[in-house]
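Below sits a lone chain in structure tokens, taken as the form predicted on its own.
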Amino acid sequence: MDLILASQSATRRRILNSARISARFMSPQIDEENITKSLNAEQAAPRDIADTLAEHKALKISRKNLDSWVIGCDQILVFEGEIFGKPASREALKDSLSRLSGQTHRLITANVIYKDCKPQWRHIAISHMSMRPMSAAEIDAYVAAYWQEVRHAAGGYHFERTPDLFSAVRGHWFDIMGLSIGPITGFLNQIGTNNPYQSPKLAAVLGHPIAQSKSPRMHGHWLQKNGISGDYIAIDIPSAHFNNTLNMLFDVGFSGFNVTIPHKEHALAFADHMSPRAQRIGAANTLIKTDSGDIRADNTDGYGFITNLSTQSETWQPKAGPALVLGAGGAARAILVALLDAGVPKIYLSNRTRARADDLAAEISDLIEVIDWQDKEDVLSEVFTVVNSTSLGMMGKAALEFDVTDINPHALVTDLIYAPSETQLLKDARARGCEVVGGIGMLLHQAVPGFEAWFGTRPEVDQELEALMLT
């Protein structure tokens, strides 16, 4: 099937790719502004305007590609009977957001498919978007941060970048993004294909900030390699709007999420059910929507940590003796529980702020002994596992001052940091005869259970993926 999308939109291209639909992409270059003005003068209904624009795009491409199936699409924003276009200036964007603030508007998404210059199928989707009230200061801050991104977007926002602007949404993610991929795959399957298409499943990683996350690259690799119809993106959500935005994202079609700083404890409280390990750790990094509609929370950090050690080392024996863990943040919490579950008989815990380590040890187990930061090297001769869960030694961060002169040469040393791939701690430990394990494997293995739950396939962690993630 020769399929053409009459658009050069990167978002619509991504949607087709996520559905594993092979297509060509052509820009129809129609005069949307004048067509819209003409239809407005005729008092055409907004949905008819969107539909007509989509038809013009498909027809123009179809005239030169008679044997191809051509998808035309258009989307307009309507509020109080007025069509909102792209903001012409920063002041126009401020005015647009001021009018939409605290109100509900409609996104009308029109999709048509042409062949031989004739319409074969059409679909209209209407999404109801309720924007939360925004103060003048919030609007000013938004315009300052996002003007360059949204100046070409109707209404002046990208829902996928800032869903927290909304208090409620009635619609589906792909309709809001501008291409109704579910109905489109249904039609394409009706007209015949050797491999039936499926509407993509959706997952994402949530955090604040989140731009640095490598999770989309990892999950995107697995989706592509396994030929799965699905997409995985990163979404930034400020803490103040976490619960409401999370509810909204589930409502628009997401199957689940990875959750990172600072939302892991909020994610656990949000869920209807939690795994025993998430309950013990007191935080969740994975949320899954079950078939019944309930939300289940899990924490796979400890699983990823232990799996990384066991697959990278042929000699590590957790029961051989005590462990030393540096750091008392969220990652340390999961690692402490995982080490104890693996059979480590005792753990020394050291953190720059001792009170935080004391609280963590008291909460988890009396098998954890807290030692002062300046005394952390004193136990090196007796421990068999050393874990750095701090950010010290990471690119752009302060160095980890850690003298391994007296380390037990039979100890395994691991660092959660994977940039650089081998930290100074690992280099120093290797020089003393210790076995060392880098942190990239934990990132990869902790993602496996969530991917399997969302997309129905258990992915493989291999050297190809590791190399991709380290580039």
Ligand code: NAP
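On a predicted model such as this, the values are computed, not experimentally measured, just so you know. One rule holds for the numbers: they count along the sequence shown, beginning at 1.
The protein also exists as the form predicted in complex with the ligand; that form is not presented, and the subsequent description refers to it.
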The one residue among 50, 442, 411, 70 placing a heavy atom within 4.5 Å of the ligand in the predicted bound form is 442
Picking from 299, 258, 111, 389, the single residue whose non-hydrogen atoms come within 4.5 angstroms of the ligand in the predicted bound form is 389
Any chance all of 159, 208 and 262 sit within 4.5 Å of the ligand in the predicted bound form, going by non-hydrogen atoms? no
Do residue 61 and the ligand share at least one heavy atom pair within 4.5 Å in the predicted bound form? no
message: Using a 4.5 angstroms cut-off on non-hydrogen atoms, would residue 351 count as touching the ligand in the predicted bound form?
response: yes
So in the predicted bound form, does residue 342 come within 4.5 Å of the ligand, heavy atom to heavy atom? no
Is there a heavy atom of residue 246 lying 4.5 Å or less from a heavy atom of the ligand in the predicted bound form?
-> no
TL;DR on 402 to 410, 417 to 425, 25 to 33, 51 to 59: the one with heavy atoms within 4.5 Å of the ligand in the predicted bound form is 417 to 425
When the ligand is considered in the predicted bound form, the residues of 312 to 336 having a heavy atom within 4.5 Å of it are 327, 328, 329, 330, 331, 332
